[in-house]
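Two forms, one chain: they're shown below as structure tokens, one block per form, named structure 1 and structure 2.
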Structure 1
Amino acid sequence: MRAHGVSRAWEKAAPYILLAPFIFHITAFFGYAFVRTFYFSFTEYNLFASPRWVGLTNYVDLFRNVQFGRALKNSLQFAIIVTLAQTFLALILAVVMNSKVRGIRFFRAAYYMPSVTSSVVITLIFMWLFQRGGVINYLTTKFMEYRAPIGVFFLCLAAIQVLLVWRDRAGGWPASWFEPAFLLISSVFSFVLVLALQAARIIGPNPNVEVVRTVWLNTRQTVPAWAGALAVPRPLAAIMILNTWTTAPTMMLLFLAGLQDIPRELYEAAAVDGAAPAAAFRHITLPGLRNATFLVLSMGLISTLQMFDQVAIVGEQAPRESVITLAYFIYSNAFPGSAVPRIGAASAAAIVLAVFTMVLVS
């Protein structure tokens, strides 16, 4: 046996030995980098000549820069809208996914598919879907064409559903407005009815509908029209749809984990007490998901605030100013197309982004 002192020293050093590679990495590529960015933001620097101290000039210039203003607005809009939308969608998905039915694994895999593929793949596919002669516009056209039958279908469905529920309630059964059994019956009946009406040529697709040719990407229009200064540039809206679609499944898994942590007994107790499912959702599910919701919201904000890939991949197919985000602004100032790098401006914007992230998340 070796001397006790030596092995003691080893034991003391052990944590640092285990941590050494990580500490090197996080210090060199994060800590040092962060500090350096902070320093660069007060300098004028082009990557070649040595940095020159300019004080707060970069920050002052930044807030005079039109493009930075756009980037800031786009980033904030994007972060808030997408985070809310994907949280909402993820919650619905998770609740549906939490039902105990066969084959749930298959569905979980299917939903998660968009999240495993790369942003480049997904964005290219979306650019294709959002072409002017693309699938999105085609489906919209079809929808406009079949507006009347679809409307009739839903009217019928609502009418039959109301009738059935009334009948039940009159008979003393507690039937909810969205009673699934009745929904199935109503939709089958409505569908048959619509088919019959179509066959009788009373309603049918409108042949005079104009083909929808919405330009999704190469446009400077904003949507919705009534929102004024708060409206979102349409290409950015398309990216929002894309991002909600790809991230919601990831968030769904977090909610799902949260849901499965809620004890089943709580629901059973509520059912015994005669609580409606809606009430159970409000009083049991939502409070039980508080932690998961917090996680989903903060992760959503972090990832949406740094949105870069989609802007870079869409490239010239959308006007730069309609889609530029803070992250892209930083990159494009650090490596501008036709000029020397403006590291000062890029770093100042980077610090703004970092501060925004920290403020919004905490």
Structure 2
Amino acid sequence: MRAHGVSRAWEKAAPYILLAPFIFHITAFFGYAFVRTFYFSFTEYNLFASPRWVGLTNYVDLFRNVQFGRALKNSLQFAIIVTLAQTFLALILAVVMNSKVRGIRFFRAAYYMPSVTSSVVITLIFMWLFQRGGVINYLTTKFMEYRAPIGVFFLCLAAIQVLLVWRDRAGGWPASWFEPAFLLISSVFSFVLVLALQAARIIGPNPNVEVVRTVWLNTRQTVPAWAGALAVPRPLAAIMILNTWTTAPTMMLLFLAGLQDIPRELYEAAAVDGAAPAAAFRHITLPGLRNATFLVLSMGLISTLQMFDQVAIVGEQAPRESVITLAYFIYSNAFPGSAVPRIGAASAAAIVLAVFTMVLVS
């Protein structure tokens, strides 16, 4: 009887024993740090002298600081736009990667590579891409030069695809608007037609297009210009593109796990009932991904509000007010280079960021 009691006691204690290292890590490196940060936010402290209690002065000064206002606005814009963009892109990639086609594992690994590559290396590559003579401006110039042939190609592609699908549906065949075989036929015919029109000099590249020299980083311009106060600084928009591209693959894995948990019988039953793929996606896929979507949105908001490394690397190439975020504002006050550290102001900003993150995520 006593042995049975000891066994039950060990069984109850086992989870806490296994969690002990994690709890110690959280308590020592996060709990203690949070308490110290909360205390420093009410003091004037520069790492060299003893902290001096100043009450709410740091918080009052914080909301009077123009740089903090810019950082708060940039962080909000960054979090909302990047979270929505990466969630949408991750969902599309997950749906595509969930298809059972040959070689799909290779494409899953290829799409996931940006997430495991060093963010510093990726940021440096993107800085090169966004230079005035970089790849982004070069491709934009080429698109403007060949927009007539490109437009004709897609118009022909759409027209031929509609005719092929309409012909099959008129004959009683349930052809999809994105039938792969028809898309291949439409693409080939459209490409041949564009080549023929170019050979006949009916359409062709525009040689009078000016070379695009858009300044992406070293500028204070905002995009779109008509948005007024809601416009995003162009350097921050470039970082948004970079961050979306690097984080969407991680979110794709979460959506992919959610997709594989949805029973295939539901799609088979919908197909038997004559439901179109769009209807199955709306009524089966999206409700089945409700929990995964909540997780993706929560992780996206947390990571974007705390985004620091890419801004720190690009910061030397762009005006400070165009890229500063809350995390970078905290860092620049705590480690201001040759100036005296302002740990109190940095701690107050860190507490505001923590509260702000909890409010948005909860």
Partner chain sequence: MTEQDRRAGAENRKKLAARRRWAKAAAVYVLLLGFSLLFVGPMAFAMLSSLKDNPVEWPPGLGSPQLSLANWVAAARLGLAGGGTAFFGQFAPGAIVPFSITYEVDEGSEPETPIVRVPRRVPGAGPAAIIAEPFAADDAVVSEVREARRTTTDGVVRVTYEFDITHMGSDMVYGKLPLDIEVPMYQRFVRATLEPNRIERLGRVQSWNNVTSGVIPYVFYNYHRVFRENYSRATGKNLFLAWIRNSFMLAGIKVVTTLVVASMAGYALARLKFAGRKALFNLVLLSMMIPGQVTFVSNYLVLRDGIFGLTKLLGGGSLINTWTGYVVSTMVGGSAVFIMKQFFEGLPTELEESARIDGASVLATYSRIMLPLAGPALGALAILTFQGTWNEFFWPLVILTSPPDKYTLTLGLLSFRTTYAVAFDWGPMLAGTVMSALPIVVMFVVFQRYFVEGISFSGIKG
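What you see is a predicted model, and the numbers here were worked out from it, not measured in a lab. Each form is matched to the other, and the largest set of C-alpha atoms that superpose within 1.5 Å is called the rigid core. Along the sequence of structure 1, residues get numbers from 1 upward.
The form predicted on its own is represented by structure 2; structure 1 is the other form. The two forms, fitted on the rigid core, differ between structures 1 and 2 by less than 2 Å at the CA of E145. When two forms of a protein are overlaid on their rigid core, residues whose CA moves 2 Å or more are considered shifted, and I302 is not one of them between structures 1 and 2. Comparing the forms between structures 1 and 2 on their rigid core, the Cα displacement of I26 reaches 2 Å or more.
Taking the core as the reference frame, the CA atom of V165 shifts 3.3 angstrom between structures 1 and 2.
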